[in-house]
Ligand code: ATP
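One chain is shown next in structure tokens, namely the form predicted on its own.
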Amino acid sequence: MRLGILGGTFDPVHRGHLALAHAACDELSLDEVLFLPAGQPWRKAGRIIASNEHRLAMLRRALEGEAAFPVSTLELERPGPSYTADTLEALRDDRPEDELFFLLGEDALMDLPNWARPQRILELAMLAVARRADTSPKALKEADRHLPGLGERVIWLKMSAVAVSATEIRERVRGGQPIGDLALATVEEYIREQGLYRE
């Protein structure tokens, strides 16, 4: 099986996440894209995030009817910080025959040399990357310099950039503004029902 892996805080899940999963499925002929909400995202330590329960509920609502997009609670169930290398190793042990593709945005790719055991990530999965219009070629060269072999493990997706961020959604909710088309209506409804991101 060709398995895509899309990890993230999903606080909240938005249309950009779904667009990335659909583009990777289409372009790389993936059988599934596994959505993996982070338990304790160590790169966001110190930032208040919605509870695991809320983030998982929003993700499940957003993916209703998407048979090729299962949700894994692997990182939510693991104690301590969530490290991508550990997650990929667990998936490799569980699914030794699968070909793994780790999906991420270009901004995350630039930051990859700073992640825990980044070389191990490159060994375990190909990187399927969505471009950002504001990232310079110089930045990628710099990332490759700090993490040798990075460029050889990258597959650039042809998808158009999706101008949406979870931060913008949270700020809109905090300001009493509608989310609009940044997230699915089911996710916006859940945020409203639960009173998330008000403070």
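Position 1 is the first residue in the sequence shown; the rest follow in order. On a predicted model such as this, the values are computed, not experimentally measured, just so you know.
Beyond what is shown, the protein has a form predicted together with the ligand; the following relates to that form.
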Checking 63, 34, 130, 50 against the ligand in the predicted complex, the residue with a non-hydrogen atom inside 4.5 angstroms turns out to be 130
The listed residue (59, 143, 164, 173) that reaches within 4.5 Å of the ligand in the predicted complex by any heavy atom is 164
*Consider residue 3 of the chain shown here, and say whether it contacts the ligand in the predicted complex, taking contact as heavy atoms within 4.5 Å.*
no
| task | Please run the contact check for residue 118 against the ligand in the predicted complex: heavy atoms, 4.5 angstroms, yes or no? | result | no
- Message: Using a 4.5 angstroms cut-off on non-hydrogen atoms, would residue 111 count as touching the ligand in the predicted complex?
- Response: no
*asked:* Can you tell me whether residue 191 touches the ligand? I mean in the predicted complex, with a 4.5 angstroms heavy atom cut-off.
replied: no
The stretch from 70-78, 83-91, 97-105, 119-127 that lies within 4.5 Å of the ligand in the predicted complex, judged by heavy atoms, is 97-105
In sequence order, the residues of 1-21 that place a heavy atom within 4.5 Å of the ligand in the predicted complex are 6, 7, 8, 9, 10, 14, 16, 17, 20
